[in-house]
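One chain follows as structure tokens, the form predicted alone.
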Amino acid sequence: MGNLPLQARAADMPLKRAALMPLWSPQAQFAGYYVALEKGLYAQHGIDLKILKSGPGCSPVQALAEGKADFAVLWLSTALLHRADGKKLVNLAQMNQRSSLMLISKKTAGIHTIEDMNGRKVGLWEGDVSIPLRTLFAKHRITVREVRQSHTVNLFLRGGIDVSSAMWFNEYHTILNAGIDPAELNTVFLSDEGVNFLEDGIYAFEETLRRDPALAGAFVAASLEGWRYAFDHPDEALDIVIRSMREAQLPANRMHQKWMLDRMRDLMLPEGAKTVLGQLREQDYAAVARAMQKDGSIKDYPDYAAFTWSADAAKK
């Protein structure tokens, strides 16, 4: 059986049901998963996958805890926070190799450094996705006036806040599309400030891995194949993403989704970097865990070997 093609082996066995909850609604940020589903890659690996609805009001960690999802896309800081709270989350693969999180201000606001944000109104998203930002502020010993920021950038565009939280692949491009020239903005990437809190890893509970490690391995392998296919066939990937967005009754802008897919490639496969698609490097993990412990977000954190299911996701 070892020399049979993957498709032939999978055809001889019933498909295993599994569910994935992404971190947010369908968009090119998750193109690899939708492409893998559409192209039958999960089925070829023996999985009958369902991608669950996500977005406002949905919690991937809660979906895992309630058994509604087997796998979820989470930020590393979110996983560490919940792991410290007793939830045995394990990183199966790390997709983004560099943080996309950034802070944006208009040059007219006169904010040129992190210290210039002290006492200014800064938009923060609700929940644990603002952990990296609070870590940055604590590192620079500044106190900002936190203003709750929705999933739009309207508050920033209307002048309601001095600084906006943004993802490079999403909100930054939305601000440019609103008619603001890049030369009119000051931007700060958290990764450039030593707060490289990696987003978008694949996570599962330890119990899921103990129960069926072959399922986890197959899921990761199919997901990585989906991402590679998406990057090699961007137009087809965009067709699939936009179709998924319309099925979810979401507005779809192809130009914005193309920007997002291009940036995801930059984040997942940084040019010139010695990284492997899907690998959470030990030094990256340790840097985030130590920073969260230092700022008091967590008291302790597990060893790298206990937190990751495999050091080399590409071989799973």
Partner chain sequence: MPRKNSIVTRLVSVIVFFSVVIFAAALGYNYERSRAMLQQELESNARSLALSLVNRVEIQLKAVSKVAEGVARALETGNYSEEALHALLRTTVENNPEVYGASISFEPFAFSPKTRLYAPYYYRKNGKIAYDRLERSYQQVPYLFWDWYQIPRELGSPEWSEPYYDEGAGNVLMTTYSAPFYREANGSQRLRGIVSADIALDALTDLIASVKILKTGYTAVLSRNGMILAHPLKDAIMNETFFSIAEARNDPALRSLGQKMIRGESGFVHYTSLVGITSWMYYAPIPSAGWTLAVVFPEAELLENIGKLSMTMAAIGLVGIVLLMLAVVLIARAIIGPLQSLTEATGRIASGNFDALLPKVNSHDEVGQLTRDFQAMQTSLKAYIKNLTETTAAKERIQSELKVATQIQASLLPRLFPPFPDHSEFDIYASMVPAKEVGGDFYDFFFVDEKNLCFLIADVSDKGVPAALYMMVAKTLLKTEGQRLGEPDKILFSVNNILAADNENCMFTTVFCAILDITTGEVRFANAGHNPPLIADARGVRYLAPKPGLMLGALADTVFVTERLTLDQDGILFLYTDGVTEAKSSEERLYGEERLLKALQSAPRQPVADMIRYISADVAGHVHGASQSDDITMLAVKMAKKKPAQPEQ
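Numbering follows the first chain given and starts at 1. All of these numbers come straight from a predicted model, not from anything done at the bench.
Omitted from view is the form predicted together with its partner chain, to which the following refers.
- For the candidate spot formed by 118, 139 and 297, no residue has a non-hydrogen atom within 4.5 angstroms of its partner chain in the predicted bound form.
- Proximity to its partner chain in the predicted bound form, defined as a heavy atom within 4.5 Å, holds among 233, 211, 246, 107 only for 246.
- Among the residues 207, 85, 184, 192, the one placing a heavy atom within 4.5 Å of its partner chain in the predicted bound form is 184.
- The shortest heavy atom separation between residue 228 and its partner chain in the predicted bound form exceeds 4.5 Å.
- Contact between residue 134 and its partner chain in the predicted bound form is not found at the 4.5 Å heavy atom cutoff.
- Proximity of residue 127 to its partner chain in the predicted bound form falls outside the 4.5 Å heavy atom cutoff.
- The closest non-hydrogen atom of residue 254 lies within 4.5 Å of its partner chain in the predicted bound form.
- The partner is not drawn, yet in the predicted bound form one stretch among 32 to 40, 50 to 58, 270 to 278, 287 to 295 has residues with heavy atoms inside 4.5 Å of its partner chain: 50 to 58.
- Contacts between 154 to 171 and its partner chain, taken as any heavy atom within 4.5 Å in the predicted bound form, involve 154, 155, 157, 158, 159, 160.
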